[in-house]
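For reference, the chain that follows is the form predicted on its own, supplied as C-alpha cells.
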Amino acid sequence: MSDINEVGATAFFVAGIREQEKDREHALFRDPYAEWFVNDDIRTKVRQVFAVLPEGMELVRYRSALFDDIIRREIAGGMRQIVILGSGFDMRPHVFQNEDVRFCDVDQAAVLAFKSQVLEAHGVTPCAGIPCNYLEVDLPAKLAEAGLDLDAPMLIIWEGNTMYLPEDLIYGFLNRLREGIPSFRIAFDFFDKSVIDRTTGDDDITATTDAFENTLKVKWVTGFDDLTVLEERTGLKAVESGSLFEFGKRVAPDVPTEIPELHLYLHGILANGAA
C-alpha cells in the first residue's frame, strides 16, 4: 500500500472508519470495498484520533450514512448524473451501481491513480474520473469533456471538503459552478464557525479538533454559522440543512446523546436552476 502521505491522510482515514462499520450491531451503511484501502498504520491513526473522544467517530458514521441517503433519494427522484468532489476512496459509484446513472470521481491525480490501481488489482473497473484540483480548473468544462451533460440535472457530492478550504475559494468555486452548470444540487457538510475558531466553550470539542489536526497533519480553516452567507455570496438557493445529531437520531438506534459537537456539525444542499 502507498504511504499515507503520498496520497492524502484523510482519504485513508475515512476508509479506516468505513471499514469498521461492518462490525457494528446497527450498521448504518455498507462499504465492502473500504478494507482494500486500509492497513494497520491507518487503523492506528484512527484509534489515536478517537482516543480523546471515542464517540467522535459517530460524526463520520452519520455523515457517511447521510450522503448515502441523499444519493439514494436523488436517484429515486430521477437524478442520472452524480459527481463526487474530492472523492478519495469513495466507492458509492459501485455501492449504488445503476446502469441508468453516470458517476464521476474528481480528485488529485495521485489519489485517482492509486484508487484505480487498488480497484483493478481486485478486478473492479473504476468509474469515470477527472484528475485535477477542482479549485484551479474550469470544472464544468472538465465535466463536459468527461461526457456529462451540462444541460441535464446533476447532483454534486462535496463530502468532507469545506472545512479544509479558505472561505474565498469556496465562494469562487461555487460561483463558477453556478455560471457553468444550469441545473445542479450540491450536497456538503460543514462545521459551525465556533468549532473552527475554538470558541464553543467545550474542552472536549477543542481537544478532538486538535487531535484530528495533529494526528493527520491537516488544518480545519473554514466554518459557517448557517447557509445564509453562502446564498448571499453565490446566488445559490439553500434547499436543505440540518445537523448530524438530528440525522443520527432518525437512523441510529444507538445514537449517543452526549456528543455536543454533533449539534455543530451540519450539512446543507444548495441548488441552481430547477435541480
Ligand SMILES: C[S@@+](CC[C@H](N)C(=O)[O-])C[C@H]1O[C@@H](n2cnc3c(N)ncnc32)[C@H](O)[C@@H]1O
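All figures in this text were calculated on a predicted structure; none of them were measured in a lab. Quick note: we count residues from 1 along the sequence shown, nothing fancier.
Keep in mind the form predicted in complex with the ligand is missing from the figure; the text below concerns it.
Partner contacts here mean any heavy atom within 4.5 Å of the ligand in the predicted complex, and among 198-206, 93-101, 158-166, 179-187 they occur only in 158-166. If you check the ligand in the predicted complex, you find a heavy atom from every one of A11, R63 and C132 within 4.5 Å.
At the 4.5 Å threshold, heavy atoms of D107 reach the ligand in the predicted complex. Taking non-hydrogen atoms only, I170 never approaches the ligand to within 4.5 angstroms in the predicted complex.
Although the partner is absent here, P140 sits far enough away that none of its heavy atoms falls within 4.5 Å of the ligand in the predicted complex.
At the 4.5 Å threshold, heavy atoms of R18 reach the ligand in the predicted complex.
When the ligand is considered in the predicted complex, only one residue from V111, C127, L148, M79 comes within 4.5 Å through any heavy atom, namely V111.
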